[in-house]
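Before any questions on how it binds or moves, here is one chain, the form predicted alone, in structure tokens.
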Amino acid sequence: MCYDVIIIGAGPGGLTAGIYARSKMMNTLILEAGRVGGQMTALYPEKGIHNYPGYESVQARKLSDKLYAQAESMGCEVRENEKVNEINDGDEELIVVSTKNTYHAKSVVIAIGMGNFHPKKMGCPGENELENKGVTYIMPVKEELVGKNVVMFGGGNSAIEMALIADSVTDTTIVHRKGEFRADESNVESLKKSNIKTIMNANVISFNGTDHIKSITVDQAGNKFDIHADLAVINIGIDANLDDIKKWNLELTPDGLVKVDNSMSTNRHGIFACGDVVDYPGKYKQIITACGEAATAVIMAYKFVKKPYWA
């Protein structure tokens, strides 16, 4: 079988690409190296998302579930835990080689986000030793936070939004190494109105404890002190692993991302890309941006494959 389009990645961009592809009645296969949801469910499944149109607030996991359900209901074939290793040129087709199979497609849409990413670590003493012993990079469900002293690290939207969730059930502190947050102003305003204690311009010296975290030593402008903690949630970004795209003969930017034009076309015929893996002047990484780029990528793939008279 030769698919009209194979989509690599099943985060918000990849699932949206699948939805648009099926609206054009394209035979569609979505291959995901891990589990459906991408960064959204791997890093902050419990976080509320407040800037996705149509929802005043929606939990990241629930948004992923809805996108997945819609893609499947429209006839997308989705395969998890299947990593793509090669994208080769065939005779008027593309040959996609995964860890489990070889597929043929008339077009490909790359939507792998930041690849096989890992949460960034702070690199402080005690961090590795206490990981999964009170030090974590993914916030537990809200019910598990009750009665715990939660300390959040980070200055972006995800860190503040997760701190606000924790604050609804327990004592919460947020520590940031800068003097101001980089999060959206609306989130910063909500933080100011909350009971969350903020510690700014602070660097972590160590995470302390034996079998479980007990405290965190920080340095704030030369003043060193300990913060009691039952749970430390680190949300300072991710380390991308995009080694795969280096093997796919794609033109990359100096930052190692896929270079696309305003039609989401790459340098290879029939291969398009969208989401965090791509870069262009003015790029802004958001869920809604990835979804919009996905729609453009699929429409271009449709034109490439079907060659409608109006294209």
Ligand SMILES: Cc1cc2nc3c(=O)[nH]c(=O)nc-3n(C[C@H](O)[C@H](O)[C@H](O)COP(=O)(O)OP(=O)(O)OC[C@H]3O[C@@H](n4cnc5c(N)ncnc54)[C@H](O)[C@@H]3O)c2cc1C
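One-based numbering along the sequence shown. Bear in mind the structure is a predicted one, so any value in this text is a computation, not a measurement.
Heads up, the form predicted in complex with this ligand isn't pictured, but that's what we're talking about next.
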Of 124-132, 139-147, 108-116, 210-218, the segment with heavy atoms within 4.5 Å of this ligand in the predicted bound form is residues 108-116
| Mind checking whether each of G154, T173 and R177 has a heavy atom within 4.5 Å of this ligand in the predicted bound form? | no
### Contact label in the predicted bound form: G34 to this ligand, heavy atom within 4.5 Å
yes
Non-hydrogen atom contact D167 with this ligand in the predicted bound form at 4.5 angstroms = no
I'd like to check something about N51: if you look in the predicted bound form, is any of its heavy atoms closer than or equal to 4.5 Å to a heavy atom of this ligand? yes
Checklist entry - Using 4.5 Å between non-hydrogen atoms, is Y68 touching this ligand in the predicted bound form? => result no
Those residues of 274-311 with a non-hydrogen atom no more than 4.5 Å from this ligand in the predicted bound form are C274, G275, D276, K285, Q286, I287, I288, A290
